[in-house]
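Okay, here we've got a single chain as C-alpha cells, the form predicted on its own, with questions on binding and movement later.
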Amino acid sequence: MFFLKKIFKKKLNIEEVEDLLFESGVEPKFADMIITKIKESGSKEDDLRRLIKSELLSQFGEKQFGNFKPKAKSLMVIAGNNGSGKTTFIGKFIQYFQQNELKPAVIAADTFRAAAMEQLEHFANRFNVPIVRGADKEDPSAVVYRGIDQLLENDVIIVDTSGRQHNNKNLMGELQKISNIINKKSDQFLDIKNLITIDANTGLASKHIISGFQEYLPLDGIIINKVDSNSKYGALLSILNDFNIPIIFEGYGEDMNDLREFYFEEYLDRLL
C-alpha cells in the first residue's frame, strides 16, 4: 500500500513505477492514468496524491459505496471461496450487529467442513447468540430451511454457506438451492442480502470469482478481507469499476473489532 510514498522515497523511473502499480493490483487503464499524472505534474508527493485522488473521485463519483444500514428482520447470506476469510468475517459481523443493538443468530450450513461449523459455534458461544448447525454432510439447503424456522424471533439471521470454488458447478448448484429456499421464505424478512467475501490478496483474479458467484447468486455486497496483509489493494478500483455491487466492509485483522465500513475516499487515502 501507499505506493506513492515508495515512488518518491526510491526515486523510481517510470518503468519501475509501472511495475509497482501492477504489483499493487492496479490494472493498466488506471495505471496509465496515474503515470500520465506523474509525467505531467513534476509535483511534490502531496500535490501528486491530491491530483490522482481528485481524478479517481471524479471517475467514480456516480458509484454507490458502503451505506450498509443494519435492520431488524434481516437475513444475510455469506458466500465465498475457501480461504477468503468468510468464517472470521461472520464472527465480526455478529459483533457488528450487537453493537448496533440488534439480536443476531447464525445458521452454520457449511456441512462439508466440520471445522467451519465448530468455528462458528465458538463465535456463537463467545457472543452468546443462538446457532443452528447441520450434521456432517447434511444437505445445506435443509439446514437453512430448518434454521430459518427456528431463529425467526431474532433480528438478524446470518447464513454461512459452504466455502467453494466459483468454477465448481455442483457446489455452486447447492448455493442456488439455498437461494431458492430463502426466496420461498422471503416474506418473513424485510431485508435479504447476499454478500460475498473476497481475499484482498487475490488481486485482479477476484473479478472472475465475483462473476462466477453472480451466475448462481444475485450479489448485493462485497466484503474485502485481509487488507492488512495484501499488496493488491489497487485491484479494488477494477472491482468497483466493473461491477454494480458495492464494497460494504473491509476486514483488516483477526481481532473481532478489525472491521470497518468501506468508503471510497478513505480507501484512496490508504491506497495512495
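We number the residues from 1 along the sequence you see. A quick note: this is a predicted structure, and the numbers were derived from the prediction, not measured.
One more form of this protein, predicted in complex with a small molecule, exists but is not displayed; see below.
Taken together, Lys92, Asn225 and Tyr252 are fully in contact with the small molecule in the model of the complex: each brings a heavy atom within 4.5 Å. A residue is said to contact a partner when one of its heavy atoms sits within 4.5 Å of a partner heavy atom; Lys73 fails this definition for the small molecule in the model of the complex, lying far away. Using a 4.5 Å cutoff between non-hydrogen atoms, Pro130 does not count as a contact of the small molecule in the model of the complex. At least one heavy atom of Gly85 is located within 4.5 Å of the small molecule in the model of the complex.
Put simply, Lys103 is far from the small molecule in the model of the complex: not one heavy atom of it is within 4.5 Å. The stretch in contact with the small molecule in the model of the complex, judged by heavy atoms within 4.5 Å, is 75 to 83, chosen from 95 to 103, 135 to 143, 75 to 83, 170 to 178. This chain appears without its partner; in the model of the complex, the one residue of Lys185, His122, Arg113, Lys193 with a heavy atom within 4.5 Å of the small molecule is Arg113.
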